[in-house]
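This document opens with one chain alone, in structure tokens, the form predicted on its own.
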């Protein structure tokens, strides 16, 4: 299809395995039986979605789960929406909800090798992300160093569901390795409240998927405040962080509140040399899906202008999930310069595409 309109980098495309057996060739022999008998070890949130998670039309005509067939994904996403690059984020980072650090590390390592063998190179738009488990950050760092120099692996991805806020020193080996390899760290929701992770909302466990899904941004807010206050961006000055599928509209409030409190309480965090909002602007990015859609579209542009969003946002579709954002249907009233940065230039620079 001839390319028309804007250039697009889609920063959140959830490819799937055809089944757990896809990982068998890449697993240590001692763990193959466990994979066959128990699966990958990802413990899901348990919240029932009445619309499912994948789009009904995303199932490949030849069979298999949605987004498990590279050729059909190219037809339905890349060609139909004229995507220049697609970051293959998958879902395997969800193994961080499990309990066995060695098994989780083996699963993500096998998954990364599977993606390299069966997806990367199938189409020039495909770019990979190094999936890691956060259960044991030393093992995660080893995986980042193993694949960090591959030319088509452009980021690290891990679950936002965790046992403790991401600024704490427990996680620093991951950031040290990511900075060493020059890769941004992406976090993505999916298993908040599952297994050994914390409750999915600040108030505890809600009853319905509607509540669970709406409150995912709470986890992102807590991680972001932790990253700043624990001094992660002073310790790793080249580290970039991407908050994927966590919403956007909450960011002005958080930046203002954190700056205001910092002015009175800065003695608690003497390692910070800048206002908290400045660290966020210099080190953090957010993806657009699910983008807020106010009744007056201009209100969203006003909000974007409050946080320098044109330099912090990255377009994402969340294909093939039920709340997929069509790049040609959202943000229609956005100024052209802002749109070009959010849809393409910010990601091109961040991921060195």
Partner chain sequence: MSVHFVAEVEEIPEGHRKIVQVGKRSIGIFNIRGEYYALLNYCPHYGAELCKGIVSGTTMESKVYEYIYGKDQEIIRCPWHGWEFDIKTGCSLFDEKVRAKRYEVIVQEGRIGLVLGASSSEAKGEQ
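Owing to the predicted nature of the structure, the values given are computational and were not obtained by experimental measurement. Residue numbers count along the first chain shown, from 1.
Keep in mind that the form predicted together with its partner chain is missing from the display, and what follows is about it.
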Interface segment, criterion being heavy atoms within 4.5 Å of its partner chain in the predicted bound form, picked from 229-237, 107-115, 190-198, 250-258: 229-237
All of 169, 172 and 270 within 4.5 Å of its partner chain in the predicted bound form, heavy atom check: yes
120, 101, 222, 275 - the one with a heavy atom within 4.5 Å of its partner chain in the predicted bound form: 275
Candidate from 150, 266, 180, 163 lying within 4.5 Å of its partner chain in the predicted bound form - any heavy atom: 266
Contact test in the predicted bound form: residue 262 vs its partner chain, heavy atoms, 4.5 Å: yes
